[in-house]
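Below you'll find only one chain, the form predicted alone, shown as structure tokens.
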């Protein structure tokens, strides 16, 4: 609580909500629990966010803003395709290391079917699909292929984010030390897995095209 005392009430609410949503999940956390953790009056929730869903919306907006900026910074046309993918995955891993709780809340709660979040999710995910379609094109795949766009991007996100989601389990089972050396190997492993997969898809598509001619 002392760490939060210097923050403005709105930021204290967001910080408390993120922490509680990570621990218990959005559905299991009540507004009063958030106010107690944030040390604010319950009226502040309505004033700033109009309720618990408004808090989650603000959290997702913050996540997407930071994450989209990271993607824009990571993707460049100057590198080879493989270098670009390895650079992108390195940025993704660094982003989640620096924003672990925020990323986990977004990953866990994004599937929630809440009407108040529908427009936001469509807008932000469309932006990310646009970035991913450029990468897919560089592998010789059709950037308009909605099946691949809907599969490849989420698969990459899951490979990276799931590691952080179950980190406490990995630590207990494998006695892993999550230091720079671990994440250097993690980046290389995920990049190799992803590259092998997407290159395999591209090769299969080429074979199918040749078979039709």
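Positions refer to the first chain, counted from 1. In this text, rigid core is short for the largest set of C-alphas that superpose within 1.5 Å between two forms. All values reported here derive from a predicted model rather than from experimental measurement.
The same protein also has a form predicted in complex with a further copy of the same chain, omitted here; what follows describes it.
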Residue 147, heavy atom within 4.5 angstroms of a further copy of the same chain in the predicted complex: yes
Non-hydrogen atom contact residue 192 with a further copy of the same chain in the predicted complex at 4.5 angstroms: yes
If we define contact as a non-hydrogen atom of the residue within 4.5 angstroms of the partner, is residue 107 a contact of a further copy of the same chain in the predicted complex? yes
Is residue 70 one of the residues lying within 4.5 Å of a further copy of the same chain in the predicted complex, judged by heavy atom distances? no
Look at the stretches 58-66, 154-162, 30-38, 43-51 and give the one with heavy atoms within 4.5 Å of a further copy of the same chain in the predicted complex. 154-162
Answer option from 131, 125, 117, 74, heavy atom within 4.5 Å of a further copy of the same chain in the predicted complex: 125
Just to make sure I understand: among 102-117, which residues lie within 4.5 Å of a further copy of the same chain in the predicted complex, judging by heavy atoms? 107, 108, 111, 112, 113
Once the core is aligned, does residue 92 move its Cα by at least 2 Å between this form and the one not shown? no
Please say whether, between this form and the one not shown, the C-alpha of residue 198 moves by 2 Å or more once the core is aligned. yes
Using the rigid core as the reference frame, would you say residue 136 shifts its C-alpha by 2 Å or more between this form and the one not shown? yes
Just to spell it out: taking the C-alpha atom of residue 141 and the C-alpha atom of residue 94, is that distance smaller or larger in the predicted complex than in the structure shown here, given it changes by 3 Å or more? closer
Distance trend in the predicted complex - C-alpha atoms of residue 113 and residue 150, change of 3 Å or more: farther
